[in-house]
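This document opens with one chain alone, in structure tokens, the form predicted alone.
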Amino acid sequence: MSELAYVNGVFCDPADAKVSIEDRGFQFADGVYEVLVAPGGRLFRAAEHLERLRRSCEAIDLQVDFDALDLSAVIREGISRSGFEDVMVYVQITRGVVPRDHVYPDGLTPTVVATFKPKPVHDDAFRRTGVALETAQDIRWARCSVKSIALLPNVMLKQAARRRGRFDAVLVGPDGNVREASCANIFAITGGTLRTPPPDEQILHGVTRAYILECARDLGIPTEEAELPVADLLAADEVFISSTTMDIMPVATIDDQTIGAGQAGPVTWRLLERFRRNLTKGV
């Protein structure tokens, strides 16, 4: 078992993976990405992830022949070659290589890279304790539904939160409504109803987010996709964040204010158990 890279059709050791310094991904962050997981070697919602990657490419006018690329086959081969039990797959597509200029010519050959690594592990003891978050002004660009590699604002916000001992930052718009965390969607549970911000341009339309809503409906938990003011978030009975790599992560405090009982709540844990039940089936 070893970490593996893929660059423009060739699998290699990550140390040998190279792209040009003239690549627009390096020069302008001109590209998009996806992160997939394969628990037990079985891909979770691969079709949804690859469709979102296609939408992101279309949104930034990045022309990719997805049929010829056959990313699904590339990903499955990489998972098999890596040999890891639980795999995290990172896929990135940039506009390609051309001398640096803000204006790009038509017909560039996209750069396609991927890495295959062990999926991050968060044990249940850590989850039951819950994490600390802090609120922060959302300083990202206006099209957060596009999974762009231009993540500097997210990096700065999360780094600032970690320096203050918090797990992540909750991003708040100028209207006072919660959007998402720096690299995760957010949910609140109040009076038994699961509530999350609506899937507009201000948040990433998370694949895991959508699956959690499905799990909630399967369990008979009412769901609501609606504006979520900070005050409502802080007053919630339970809060959790979600992403492909960490599934469901309960929240204990926000801005040092205790949420509910200050640990993973019962509804959150029911959702996590339901989530896990089908995770290794590749649903």
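A quick note: this is a predicted structure, and the numbers were derived from the prediction, not measured. Quick note: we count residues from 1 along the sequence shown, nothing fancier.
Beyond the structure shown, there is the form predicted together with a small molecule, which is absent from this document and is the topic of what follows.
Inset, instruction - Answer with yes or no whether residue 127 is in contact with the small molecule in the predicted complex, where contact means some heavy atom within 4.5 Å. - result: Residue 127: no contact with the small molecule in the predicted complex.
Inset, instruction - Indicate whether the small molecule has at least one heavy atom within 4.5 Å of a heavy atom of residue 56 in the predicted complex. - result: Although the small molecule is absent here, residue 56 would stay clear of it in the predicted complex, with no heavy atoms inside 4.5 Å.
Inset, instruction - Give a yes/no on whether residue 170 approaches the small molecule to within 4.5 Å in the predicted complex, heavy atoms considered. - result: It does not: once the small molecule is placed as it appears in the predicted complex, residue 170 has no heavy atom within 4.5 Å of it.
Legend entry - 4.5 Å heavy atom contact, residue 93 and the small molecule in the predicted complex: Residue 93: no, not in contact with the small molecule in the predicted complex.
Inset, instruction - Report the residue, out of 131, 207, 136, 114, that has at least one non-hydrogen atom within 4.5 angstroms of the small molecule in the predicted complex. - result: By the 4.5 Å heavy-atom cutoff, the listed residue in contact is 207.
Legend entry - Residues 140, 185 and 244 all lining the small molecule in the predicted complex, heavy atom within 4.5 Å: Affirmative, all three are within 4.5 Å.
Legend entry - Heavy atom contact within 4.5 Å of the small molecule in the predicted complex, the stretch among 45-53, 23-31, 221-229, 250-258: Selected stretch: 45-53.
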